[in-house]
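Given next, in structure tokens, is a single chain: the form predicted alone.
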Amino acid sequence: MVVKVYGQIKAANPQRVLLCFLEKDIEFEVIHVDLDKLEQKKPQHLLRQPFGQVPAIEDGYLKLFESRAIARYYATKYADQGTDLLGKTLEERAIVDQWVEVENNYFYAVALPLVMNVVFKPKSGKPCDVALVEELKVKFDKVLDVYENRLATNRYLGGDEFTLADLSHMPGMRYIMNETSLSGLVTSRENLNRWWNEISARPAWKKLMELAAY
């Protein structure tokens, strides 16, 4: 059965789900939700996602929202199909879950307001909060130091294999690398830069970039 994904293909959170589907060879259909027109706040979409965000999915009788929960569900349901995104042992899975939590609570928590101020506010004609950006850059620098240390002794965040721990970061990292002036925070760190170059060369990521028409 084809999974219906409600969202905007260029938005970071839907991309997290779509990348999981591409890695797992799961068929999907994107139902466009125009964020610029605030379609995510309309009553029809609020029935799928009561907080007015994207993505939301429909898979037969199953309806889910929150991209990390969706990705984890499908990585588990189709564990023997496509790329193993969870880890092979209980301990490996715990480490993967740990870094997915780190992405949400430390990486994305700083990257999102950075991108909103540096990329989206100027596009919509709103002023960038320069003082906040400088404060966030200091915080982000410290966060990336943790990643550099982790990747100094591990090929990927979860260990020796590419997993959800890495996948979950990729949409946010794309904004940092391609749409802001902050890519130097990554390229100046040897291990972090090596990691990004490797994961962004994956066929599933390249396919997603083609679908998003960047």
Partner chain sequence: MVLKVYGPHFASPKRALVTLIEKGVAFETIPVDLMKGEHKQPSYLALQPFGTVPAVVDGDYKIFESRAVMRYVAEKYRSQGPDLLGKTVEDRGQVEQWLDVEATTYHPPLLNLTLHIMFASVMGFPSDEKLIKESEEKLAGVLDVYEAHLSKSKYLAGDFVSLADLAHLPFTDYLVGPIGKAYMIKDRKHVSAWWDDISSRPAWKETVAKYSFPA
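Residue numbers count along the first chain shown, from 1. Remember, predicted model here, so these are calculated numbers, not experimental data.
Note that the form predicted in complex with its partner chain isn't included here; everything after this is about it.
Chemist: Just give me the single entry in 35, 152, 146, 31 that has a non-hydrogen atom within 4.5 angstroms of its partner chain in the predicted complex.
Modeler: Selected residue: 146.
Chemist: Can you pick the one in 26, 64, 185, 177 that has a heavy atom within 4.5 Å of its partner chain in the predicted complex?
Modeler: Checking each option against its partner chain in the predicted complex, the one that comes within 4.5 Å is 64.
Chemist: Look at the stretches 65-73, 37-45, 159-167, 185-193 and give the one with heavy atoms within 4.5 Å of its partner chain in the predicted complex.
Modeler: Of the options, only 65-73 has residues within 4.5 Å of the partner.
Chemist: Does any heavy atom of residue 60 come within 4.5 Å of a heavy atom of its partner chain in the predicted complex?
Modeler: It does not: once its partner chain is placed as it appears in the predicted complex, residue 60 has no heavy atom within 4.5 Å of it.
Chemist: Is residue 124 a contact residue for its partner chain in the predicted complex, using a 4.5 Å heavy atom cut-off?
Modeler: The answer is no: residue 124 has no heavy atom within 4.5 Å of its partner chain.
Chemist: Residue 135 near its partner chain in the predicted complex, any heavy atom under 4.5 Å?
Modeler: No, residue 135 stays farther than 4.5 Å from its partner chain in the predicted complex.
Chemist: Decide whether residue 84 counts as a contact residue for its partner chain in the predicted complex under a heavy atom distance cut-off of 4.5 Å.
Modeler: No, no contact at 4.5 Å.
Chemist: Taking its partner chain as it sits in the predicted complex, which residues of 200-214 have a non-hydrogen atom within 4.5 Å of it? Please list them.
Modeler: Nothing in this stretch is in contact.
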